[in-house]
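Single chain ahead, by itself, as structure tokens, in the form predicted on its own.
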């Protein structure tokens, strides 16, 4: 699985940009006074990579190694990435996906996932599924065993049980305590006391095993985590066959039943075997309303590198989302108050990623080693 390096000639690159401009699109837009980054996009480390490759969100570094290991053993691309993502889904310390994911506002873990198989252009997804640790594996069964693309809620759970998946409680003790800390910090007019509203005991507090009388809701302030956590993973073989997968526990403390972009084909995950694949992590609603993953793949088809395609779609996201004042940074209305990351993998093995703000990274296994590399960005983080 050793990749070979090549270079994209200047004449060929300019020709592709000219073609895109002729379609009324402006490469590397300068948006709302923010400087465009054509040079950094063109010099992105993944532009010249060729051959087998696997990319993932930064939390998926282990997934890329596992996926490439299975690819070398002859497994289908969809199996490779689903088994790779399974590592994060099984890890209780990763509270962004699977077991241990942060719950909805009722304290219940609801998971979403999708898989897309390039060679057949089929997809499978589940949304709002409870009590099943590995939603990506269930999504792959939807892809292979049904004529549907998406199963949700109770139907997704029944399907998973029929397929032999075991129901189990996905709420770990750590996530439960985080949920209780969030409940206690919601407001000053509900019936949950904030830490500063609670009276200090006159002596030691009895710690009853399994109850919240003193163990989970400490009188000391507990930081309340918040995330839009997700893992995305895409892989391409040396022959150019591609599959992609996105799995998530979704927005922490979400309204029960909320579904993000991860199980929506074209939003948080998309794959076209003739072009490439793309995925997203971050604020899912922004990827949904802009069809982010699909748009990235279409821009790669028009000649942009993976990084350039990701940056242009970020520009599109910001352009549309800033129409709503609730998405503007109160201190600088020209900047969004949320983050979103895109990842892209082209059929020839070129790869890239971009985020709204500086400091973002993503994982890649280039056929030799797995590593974390910096992502391109549109805004400097303040």
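Residue numbers count along the first chain shown, from 1. As the structure is a prediction and not an experimental result, all values here were calculated from the model.
Below, we turn to the form predicted in complex with aspartic acid (ASP), even though it does not appear here.
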The one residue among 148, 183, 176, 258 placing a heavy atom within 4.5 Å of aspartic acid (ASP) in the model of the complex is 258
Let me know the one among 276, 84, 250, 124 whose heavy atoms come within 4.5 Å of aspartic acid (ASP) in the model of the complex, would you? 250
Can you check whether residue 114 is within 4.5 Å of aspartic acid (ASP) in the model of the complex, heavy atom basis? no
Answer with yes or no whether residue 133 is in contact with aspartic acid (ASP) in the model of the complex, where contact means some heavy atom within 4.5 Å. no
So in the model of the complex, is aspartic acid (ASP) close enough to residue 137 to count as touching (4.5 Å, heavy atoms)? no
Is residue 292 close to aspartic acid (ASP) in the model of the complex, meaning a heavy atom pair under 4.5 Å apart or at it? no
Of 250-258, 295-303, 198-206, 87-95, the segment with heavy atoms within 4.5 Å of aspartic acid (ASP) in the model of the complex is residues 250-258
Stretch 262-279 - residues with a heavy atom within 4.5 Å of aspartic acid (ASP) in the model of the complex: 262
